Each structure stands twice: as structure tokens, then as C-alpha cells.
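Quick setup: one chain, the form predicted on its own, written in C-alpha cells, and binding and motion questions come after.
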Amino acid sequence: MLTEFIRFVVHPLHVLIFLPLVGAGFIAFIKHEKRIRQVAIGTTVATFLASLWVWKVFVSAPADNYGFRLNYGVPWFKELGVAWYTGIDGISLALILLTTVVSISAAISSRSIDSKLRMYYILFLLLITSLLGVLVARDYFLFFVFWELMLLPMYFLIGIWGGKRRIYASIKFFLYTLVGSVLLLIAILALHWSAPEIGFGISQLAEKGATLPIKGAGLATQTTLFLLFFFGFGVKVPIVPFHTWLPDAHVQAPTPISMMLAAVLLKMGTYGFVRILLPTVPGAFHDLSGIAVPLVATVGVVSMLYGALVAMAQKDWKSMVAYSSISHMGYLVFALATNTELGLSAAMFIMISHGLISACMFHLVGVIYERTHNRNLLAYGGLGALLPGYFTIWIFVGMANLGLPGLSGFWGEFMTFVAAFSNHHWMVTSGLFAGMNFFRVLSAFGVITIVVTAAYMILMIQRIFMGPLNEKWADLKDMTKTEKWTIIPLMALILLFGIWPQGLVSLYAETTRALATNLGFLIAGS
């Protein structure tokens, strides 16, 4: 018993996910605020170093039949078939590294929090544990436990330290995501009931799901499971029309929580698409007469264009960035719908790249808001000459967000449209576009998003930084060294992956290639 406990504790994945809890435990007994901040930031750094250790061990570890490594499994509730079952593949690893690196920046950015500091950092570290737990779980019950655990710290972090409408925003966030969780639970139970002898292993039940009929009566069909999983995870992404909780949550959340929400929490929904939806219902994606591919592709393009257009109409700076996130998540959803290996790779690239860019953008908005307590884009002007350091960084991050070649934001969008054009199996059979390829028609609308994104980013830069200076802000100070170094590592990664995209793709390429092969997806260019 003792030997097994020690093996459990020292397992690399368990060290990774429980380190933040250990840090939270120390913070619970610390009274001095400066020491609390030091321990919290130190814990995030230690967790990042643990993720690098996991990466190192992962490279040399053997893979199981499903491509997962560093596996650990023990029965948890034998009568129900529930196990503590963990393991990761390249997709999980890439998102683990994103989570740990962004959490350092968010912890440093939390210097603006000046009330109930102990409670704040305990909840913050609990959030990190829940996010990492989702990424390492290989049992549905364990996955769902960590999935639900994400809701609680985020609810309190918004509701206690947020803006004037924080209660409304936190309740809306909780209710929307809870509805998504109910849909997930129904799908999980329906899948389990189709083969109760298997238990709750995610990979094992995915194999079972792939053998289910595509259509028919009841819940145990691939089309029904697709709808449950798609909308359950889609609320978290969020896809249009289930997106309305996100702008409220972002606007009301404190800056570091907006960073975590945009960079990592949204990716849990898209991770669910890749980890669970695609492997479980591949038949639904290959059914030319079905609804899966047309629905996912259409929702993706609508989210892309709608998010960009609404972002351009915003006067609230933070709300503009929030709708920008909805738009970029639309690219990701569209990429997954293409049924190609390149589409899977594009989706993963967008997850990581957008995580880095969005964290930088929310941090930058927070820098000025903490000085002025004003997010109205029309209330500024002329800050470029007054704050040259801040202006330079915003230009860099803004250009990455609009997809400038040479920065990471470009590659995900480019790969998405190349993947869309490589799928030639879906044809429009009636209407104005009859006889044309479905994905090429949608791509024509999707490309408009690139223009709109450039428009709202340039408009934002013009309103904030150009023109005459609003004398009200004449005494504003430029970014401090701490504020700059909070996101400089993220900016370095944005530049690195923009110049050397293969450096990022190599993290997950083996996994996405195997997944595409197993799902019978197209190889781009074939």
C-alpha cells in the first residue's frame, strides 16, 4: 500500500497537477502579503519547470496502443468501473506547456489584486490544478471531476475580484457552462451504457463509439453523441450562439483571470473536440448525408465572421478583445471540420498561438485600465508618443492577432484555409452555389474575416495611439519593467513560432498524424 502511494505521489503527471495545490496549502498559512505573492509566483514557476520535466520524460517514454505515454492507472471505484487513469500524448503536452507558461504571466500580472489576497491565490492555483487535471485525465469520471472543478474557482475569481457587474457575469458564466456540463454528462453516460463492461476509459469508449450506428433511435448513435458532445464542449469554446457569457466574463474579470480564461480555459472546449468528439464519432464526420461536418464548418465560419464584425463595433476595449477571441476560435472549429490532417494541425496551432496572443492582449488592456479605470476606446488618443514602449508592444501583439506573416497568428489561419481547399468530398447540391465545393464556398466568406480583423485592430490602434493627446491622460506613465517582462516571454514564443512554426508543430505532429490516420481523415494535398 505504501509503495503504491509513493509511486502515485512521485509520478511526473501527479507532481505536475498537484504542485499548485501544495503551493495553495502553504499560502493558507502565510499572513504577509508580499510572501503570499512570492509563494504563488514561485509555485507557478515550479509548475512550469515540472511541465518541462514531464516533456523530457515524455520523449523517451514508451507509448501504449492509443499513443499515450506516462500512463498511470489504479481502480478508484471498482463497482462502477471508475479508475484514476492518467496519461498524455503530444496534444496534451502542448496544452500543458501553454497552461504552465501563461500561468506565470497571470500570477505576476496579479499584482493589481489588493484585497483578500490569500483567498485569491488559493483559488488561482486551484484553477491551474483543474486545468492540468483535464489535460491528463484518461478516465471519463476523472475528466468530468476536473472539468467541473474548473467552474468553482473561476466563478469566485470573477464574482469577488471582478468589476461592477461581476455577480451577473459570474452567474452567467456558471449557468452557461453548467448546461454544457449536463450535455457532456448525458453523452458520457449514454456511451458508457452502450458498453458498461468497458468502464469509463476515454480511449476504450471512443473505440466503442466508433462502432455504433451513425443514425437511429436512442442516444447510443454517433449522430446523437456528436450533437451532445459538440454543444457540450461548444459552450466552453464558445461557439456562436452560445458565446454571450464570454464578453461579460472577460469585461468583468480582473486582468490575470481574463488572461487565463482566454489563453487556457477556452481551449478546454476545443481540446474536448480533439480528444473526445472526433475519436468517438468518426462515422458522423464521414457521413456525406449527415449533419456533423456542415454544422461544425458553418458554426466555425459564422463564429469567425460574427466575432470579428462585433469586435469592430465595440467601444469597450476589453470587450473588443473578447469578441476577437470568439472570432479566432471560429477558425479553430472550421479547421477541425475539414476532415484533414492539416486541419487538425491547424487547430492545434491556433490553440497555442491564440493562447499566447490573447494573454498578451488582455494584459496590455489591463496595464492602461489600472492607471485610468477607463476602457472606452473613444476616451483616448495620442498615447503612441506619450507611451512609446507600450505602443511598440501593442503594435507587435496587434499584428500577431491580425495574422501578420512572421508571427505565430499567421500560420494557423493559413493552414486552416489550405486544409479547407484540400477537402474535395463535400459538394453543394442545390441553391446558388450548386456544384461548388462546400468548403471553398465557406472559405470565401471566412476570408472576409481576415479583412475585418485587420480593420478593427487598425481602428483600435488609431483610436488609442494616434491623433491629438487627450490631456486628461497627460500624466500617464509608460509600462514598468515588471509589466513588460510579464509578457515578453510570451511575445518571444509568438515570434519564435512565427519564424519557426515547425518548432510548435513538432510537439503534437506525431499525435495529430496518428489521429488523422485512425479517423480516416484526408492527408492534405491528396
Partner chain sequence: MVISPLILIPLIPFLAFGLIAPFTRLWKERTALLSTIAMGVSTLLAISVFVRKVGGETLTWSQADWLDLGHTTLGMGLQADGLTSMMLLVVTIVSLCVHVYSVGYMDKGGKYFGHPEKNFPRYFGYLAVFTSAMLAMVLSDNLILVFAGWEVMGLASYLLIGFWFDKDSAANASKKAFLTTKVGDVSLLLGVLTLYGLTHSFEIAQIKAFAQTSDGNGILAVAGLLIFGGAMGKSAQFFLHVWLPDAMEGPTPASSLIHAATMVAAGVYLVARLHFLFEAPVPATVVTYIGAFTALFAASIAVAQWDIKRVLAFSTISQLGYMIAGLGAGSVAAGIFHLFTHAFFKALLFMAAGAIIHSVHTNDMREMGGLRKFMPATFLLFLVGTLALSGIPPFSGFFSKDEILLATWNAGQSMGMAPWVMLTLAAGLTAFYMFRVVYLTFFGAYRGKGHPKKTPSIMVGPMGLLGALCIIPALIGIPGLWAKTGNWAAHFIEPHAHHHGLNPLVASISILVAVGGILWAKRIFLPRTVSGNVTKGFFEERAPALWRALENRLYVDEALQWAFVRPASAVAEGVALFDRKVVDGIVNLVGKVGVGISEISAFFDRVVVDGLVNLSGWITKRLGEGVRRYQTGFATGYLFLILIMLGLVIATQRLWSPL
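Just so it is clear, the structure is predicted and the values come from calculations on it, not from any experiment. Numbering follows the first chain given and starts at 1.
One more form of this protein should be noted, the form predicted together with its partner chain, which is absent from this view; the next part is about it.
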Residue contact check: T340 to its partner chain in the predicted complex, 4.5 Å heavy atom: yes
In the predicted complex, V22 touching its partner chain (heavy atom, 4.5 Å): no
Just checking whether A492 would be counted as a contact of its partner chain in the predicted complex - the rule being heavy atoms within 4.5 angstroms. no
4.5 angstroms heavy atom contact with its partner chain in the predicted complex for W411: yes
Three-residue site W76, P405 and V505 fully in contact with its partner chain in the predicted complex at 4.5 Å by heavy atom: yes
If we test each of A190, L295, L309, L126 for a heavy atom within 4.5 Å of its partner chain in the predicted complex, the one that passes is L309
To verify the annotation, which of these, L378, A313, I198, V182, has a non-hydrogen atom within 4.5 Å of its partner chain in the predicted complex? A313
What stretch, of 282-290, 364-372, 94-102, 237-245, brings heavy atoms to within 4.5 Å of its partner chain in the predicted complex? 237-245
In sequence order, the residues of 126-152 that place a heavy atom within 4.5 Å of its partner chain in the predicted complex are none
